[in-house]
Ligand code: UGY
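In structure tokens, one chain follows: the form predicted on its own.
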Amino acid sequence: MRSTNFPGKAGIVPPGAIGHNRGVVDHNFAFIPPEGVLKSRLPAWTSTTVRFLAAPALGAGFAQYMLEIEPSGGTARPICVDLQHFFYVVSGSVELGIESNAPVSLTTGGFAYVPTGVSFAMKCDATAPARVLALKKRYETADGIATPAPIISQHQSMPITNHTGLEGRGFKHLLPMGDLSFDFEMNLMFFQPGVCFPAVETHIMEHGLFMLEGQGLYYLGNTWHEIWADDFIWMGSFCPQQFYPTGSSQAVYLLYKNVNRDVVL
């Protein structure tokens, strides 16, 4: 069973713990457990801390981060920048307003897509804190294709699909799969115990993976890593990768993938 008491006593590091770390940063992947990710704050957000998980400084073409919002905290004012945003509520409840539309309540499992150059405002419920996984990315335009419209929904209202035909796997495409107006996907991936990838994948698509439920082994490069809820993985282009769930219940993770655009030469 995973220990959640490290270190065991406040202010005291157990003998032999110095330098021991599950985290790994390589040239085209990073395995990042939550205990090593420090807090920061953002000027545009009140009563909110941020933990950056992926950023260009790591080698990523996007930024992914966890917002930890205190009751009644959130954006200090509407935010409008030349970037597209995606939000997923990991726990708690927030209200999200896009442009002049009335705010929509999002509970755990709620998500939203905000197109580039569109304003948004977010506020946490007054009774309890919230954790919101966020991603921002510069939009890659394509000739003859308009930018996408905003999306606000709850994943619980979506059916689990399986386009692979392999038993024990499930998918929820939170952004419309195959819609060329989007330059990335955000997918919930479901695995029943013992159901793994049919092969080691090696492809050009970059990933940001946040583990939501369960546990398993993740193959990155040429080594296996044990992954639990709240762990994060960045996978760069052509990183060999495979997942094998090891828990007694289903494993679920949220996966970013850049798609639908040509290579830049």
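Just so you know, these numbers come straight off a predicted model, no measurement behind them. All residue numbers refer to positions in the sequence shown, first residue = 1.
The next section is about a form of this same protein that is not shown, the form predicted in complex with this ligand.
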With this ligand left out of view, choose which of 189, 81, 180, 76 has a non-hydrogen atom within 4.5 angstroms of it in the predicted bound form.
-> 189
If we test each of 230, 26, 201, 35 for a heavy atom within 4.5 Å of this ligand in the predicted bound form, the one that passes is 201
Only one of 42-50, 61-69, 203-211, 26-34 has residues with a heavy atom within 4.5 Å of this ligand in the predicted bound form, and that stretch is 203-211
For residue 22, is any heavy atom within 4.5 Å of this ligand in the predicted bound form, or not?
-> no
Hey, in the predicted bound form, does residue 197 get a heavy atom within 4.5 angstroms of this ligand?
-> yes
Is there a heavy atom of residue 235 lying 4.5 Å or less from a heavy atom of this ligand in the predicted bound form?
-> yes
So in the predicted bound form, does residue 255 come within 4.5 Å of this ligand, heavy atom to heavy atom?
-> yes
Pull the contact list for 38-54: residues with a heavy atom within 4.5 Å of this ligand in the predicted bound form, in sequence order.
-> none
